[in-house]
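Shown below, as C-alpha cells, is a lone chain in the form predicted alone; questions about how it binds or moves come after it.
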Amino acid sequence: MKKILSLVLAVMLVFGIASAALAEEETAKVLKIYAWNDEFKGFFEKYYTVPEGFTVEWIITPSDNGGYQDKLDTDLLNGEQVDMFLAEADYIQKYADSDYTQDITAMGVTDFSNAYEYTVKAASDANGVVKGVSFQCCPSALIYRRSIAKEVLGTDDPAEVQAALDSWEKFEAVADEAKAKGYYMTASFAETYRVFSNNCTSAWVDEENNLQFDAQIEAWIAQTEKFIANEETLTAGIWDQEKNDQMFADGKTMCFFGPAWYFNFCMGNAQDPEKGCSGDWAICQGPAAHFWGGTWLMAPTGTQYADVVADIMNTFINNEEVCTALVAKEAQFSNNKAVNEKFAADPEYGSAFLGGQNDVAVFAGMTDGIKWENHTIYDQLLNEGLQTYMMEYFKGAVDKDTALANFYKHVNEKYPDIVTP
C-alpha cells in the first residue's frame, strides 16, 4: 500500500506540475506591438476584443530623431519578440521590402476589396507581396478659410473655389490677388511640398544610386522662391507656432493642406473656443490629388501569434462596425470604401468644423487620383532633409548653393552609397 500510495502521489505531483506549467503558458500569451505614439493604441483598446488568454504589451518609442525606427530595427535584428508593428508612409517601403516582414495573405488577410489601392500598394514589396494594411486612408485636401475666400474670390462654395484653384497656375494667380487684399496664400514655406512630391514622375535615387531632383521638386522650389519674394507665404516650418497662429480667427492665411487627421487633430488653434474660427473652413482637392500620412500595421516574420495579428488587420479594414466607428466617432477617413461611401451619401452627415460640409464625400472623390509610385527606402530622410536645409535659404541665412551643399553633405553622412552632385 505504501508503494502504491507513493506512486499515486508521485503521479499526482507530476500531473500537478504539468498542469501548473500549462496554466502558466496559457496566461503568458503576451502580444507585443510596437508604435511611436498612442493613437492606434486608443483605437485598438476601444474597438478590438483581445482573444481570451492574451494580454497586450505596447512598446511606444517617439519618432523624434529616428528613435522609433532605431528601436524597432534593433529589436528585429536581435530577434526580440515583435508580434506587430506600425509604420508610416514616409518609411514603409523600407519594411515592405525587408525580409523582417511577412506575406500577410499567407496569414489569412486576403480581402482587400474595400481597401484603397494605394494603401495596398504602399505595403507591398517589389514582387507585389502584401506585407501590411492601413487602418486609415489619408487623401489630403486644400483647407481654406471661407471668409477669406469670399473676399478674394467672391465665393466660399467648395465647387467654385476648386474651379479657381485646380491648377498651380491658378493657385499662383490667386496668391497675387490674396496678397493685394492683405492675405497670405499659405503660412509655411513647406505647405505645398507634399502636393508636389506626391506627384513626382521619378524616384529620389535612380538605378545607379544617383540622387536626382524630379521636376516636381524643382517646381516646388521655384514656387516657394516666388511666394517668399512676393510675401505670399511665411517662412515658418510646417509645425511651427508662427504657422499655427495663422489658424486663429485673426489669422491672415487663406490656405492650408492636410487630410482628415490634420484638421481634426492638428488645427487646434482654429478650434479654440475663444480665439478660433471653427465653421469658417471648407475643403476641396486643390491643384493636384495627393495624400499625407497613414498608419500601416505590419507583421514581422518572427511573430508568435500570426492568427491574432491577422485578425487585428482584418478587423481594421473589413469589419464594417469598427470602420464605421472610426468615421463617426473618431473623425477618421477609414480604409473601407463601402463604409466611406455610406457616409458620403448621407445628407445628414457633415463636419461642424467645415461649416457642415461632408468631408467624407470630398475625400471619397479624391482617392482615385492618389498615386503610389517612384518611392525609395530613403524618402523620409531626403524629403525632410531637403525642406530643413532649404529653409535656411528661404529664411536668408545662406545662399541657394550653400543650402544644397549642406543637403548633399547630410545625405552623404546618412547614406554614403548615394551619389550626390
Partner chain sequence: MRKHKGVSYAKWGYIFILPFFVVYILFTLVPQLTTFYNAFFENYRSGLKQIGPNFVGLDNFVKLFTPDKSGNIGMLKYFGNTVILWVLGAVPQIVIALLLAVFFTSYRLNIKGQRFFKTVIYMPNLIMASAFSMLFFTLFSPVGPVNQVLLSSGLTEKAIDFLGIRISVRLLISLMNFLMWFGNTTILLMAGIQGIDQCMFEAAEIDGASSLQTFFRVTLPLLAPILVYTVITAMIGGLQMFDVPQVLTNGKGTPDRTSFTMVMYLNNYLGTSKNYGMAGAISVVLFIVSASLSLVVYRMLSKPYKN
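Numbering follows the first chain given and starts at 1. None of these values were measured; they are calculated from a predicted model.
As for the form predicted together with its partner chain, it is not shown, yet the points below apply to it.
This chain is displayed alone, yet in the predicted bound form one of S197, S98, S124, S278 has a heavy atom within 4.5 Å of its partner chain; that residue is S98. Only one of the listed residues (R146, K179, K337, K94) places a non-hydrogen atom within 4.5 angstroms of its partner chain in the predicted bound form, and that residue is K94.
The putative spot formed by A345, G365 and K371 is not touched by its partner chain in the predicted bound form; no residue has a non-hydrogen atom within 4.5 angstroms of it. Exactly one of the stretches 210 to 218, 294 to 302, 239 to 247, 187 to 195 approaches its partner chain in the predicted bound form with heavy atoms within 4.5 Å, and it is 239 to 247. Although the partner is absent here, Y378 sits close enough that one of its heavy atoms falls within 4.5 Å of its partner chain in the predicted bound form. Looking at A163, you'd find every heavy atom of it more than 4.5 angstroms from its partner chain in the predicted bound form. Heavy atoms of K400 never reach within 4.5 Å of its partner chain in the predicted bound form, leaving it off the interface. Although the partner is absent here, E392 lies within 4.5 Å of its partner chain in the predicted bound form, judged by heavy atoms. Contacts between 382 to 421 and its partner chain, taken as any heavy atom within 4.5 Å in the predicted bound form, involve T388, Y389, E392, K395, A397, V398, T402, N406, K409, H410, N412, E413, K414, Y415, P416, D417, P421.
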